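Form predicted on its own, single chain, as structure tokens, below.
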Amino acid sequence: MEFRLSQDQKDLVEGAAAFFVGECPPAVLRRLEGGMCEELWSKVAQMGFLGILAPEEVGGLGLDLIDLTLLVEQAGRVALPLPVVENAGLAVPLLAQCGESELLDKVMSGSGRVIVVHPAVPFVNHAEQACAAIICKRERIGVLPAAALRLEKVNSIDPLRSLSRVSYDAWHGKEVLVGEAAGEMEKQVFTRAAVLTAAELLGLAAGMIEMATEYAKTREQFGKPIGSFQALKHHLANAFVKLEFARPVVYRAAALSPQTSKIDVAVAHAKLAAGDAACFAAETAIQVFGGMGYTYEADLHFWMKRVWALQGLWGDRDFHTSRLERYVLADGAALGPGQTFE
């Protein structure tokens, strides 16, 4: 498998990184606190980020999941408080596949948001501003207007995620797919969501390592920067290595076809590796910042709480570990170099 990024992908990463760092500094995070920044959302749409997975013939960029994975990773670096994964990664490809052109145009232009209600996730992010919902339920996929939804606000450990429990009395909308095809699409939604969540975890880990490294260069004790002490230097190096080992695992899961037989185990591996890297980066950053890193006064807490929230989203650690166990322990499993995760 080719793991090197193309020049177009490198340009995408560079452009996205510059955009997110410039438009979403920590001051923006502190101003929002669970709200929605419409101005920033509009800028994200103008950049074309929301239509990455939509075909060019309907106004999208016609790119693939690996490209969106690279973008979401950069969004994670700044703890972007917007539902990009939910709209660009889940709603847009579903709307394109179902031929819902009017809603697709709204999402890609930033003038409307569509939530995806999936049985694997009980709470939906930023549902209160949605104009419609795509419901995935028992081999049925339908589109409901926002008026048909009931929302019950739920507290999140991440102050920048606005969660709601979504319910409805009946479909009162348009059923777009049923049967086996709907079940396959529902599975693909889970796969995309888990991969993109892993990508966001990579970005969060990178952001925390950068933040802690910068602090270690400037904070002094005993007349020297604390980063000069091996106790911290080695911890930061270990966090960086863990992140670098997790990144190709996530890229591999994003690059695989959804129909590949090993897609489930690849996604499980990606979510576990990215989650472990992000948790280790958070623990390391807290140690570098000392007791202050845990407090509201330090920007680090936004990144750290997002990691905790995403760890349990689209399959928690137990769920993905169980998937790996079933694969490894199965009779006749292809194990070893070049086979287990080839």
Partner chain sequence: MSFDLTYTDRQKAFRAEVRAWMAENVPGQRLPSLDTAEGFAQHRAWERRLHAGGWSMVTWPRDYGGRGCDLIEWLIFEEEYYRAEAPLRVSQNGIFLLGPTLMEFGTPEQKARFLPPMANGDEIWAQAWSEPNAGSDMAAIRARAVREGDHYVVSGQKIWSSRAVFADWCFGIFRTDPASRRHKGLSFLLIPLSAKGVTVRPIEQLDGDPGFAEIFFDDVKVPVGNRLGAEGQGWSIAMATAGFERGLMLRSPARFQKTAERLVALYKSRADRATPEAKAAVLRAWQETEAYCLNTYYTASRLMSGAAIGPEASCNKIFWSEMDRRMHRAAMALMGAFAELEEGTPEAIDDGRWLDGYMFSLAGPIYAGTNEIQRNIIAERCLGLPRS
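Positions refer to the first chain, counted from 1. Keep in mind it's a predicted model, so treat the numbers as computed, not measured.
One more form of this protein, predicted in complex with its partner chain, exists but is not displayed; see below.
The partner is not drawn, yet in the predicted bound form one stretch among 118-126, 209-217, 193-201, 137-145 has residues with heavy atoms inside 4.5 Å of its partner chain: 209-217. For the candidate set 174, 187, 165, 233, a heavy atom within 4.5 Å of its partner chain in the predicted bound form is found for exactly one residue, namely 233. Interface residue among 228, 156, 111, 101, judged by heavy atoms within 4.5 Å of its partner chain in the predicted bound form: 228. Contact annotation: residue 263 falls outside 4.5 Å of its partner chain in the predicted bound form, judged by heavy atom distances. Residue 325 belongs to the set of residues with a heavy atom inside 4.5 Å of its partner chain in the predicted bound form. Not displayed here, its partner chain is approached by residue 238 to within 4.5 Å at the level of heavy atoms in the predicted bound form.
Its partner chain in the predicted bound form comes within 4.5 Å of no heavy atom belonging to residue 82. Contacts of stretch 61-86 with its partner chain in the predicted bound form, defined by any heavy atom lying within 4.5 Å, are made by 66 alone.
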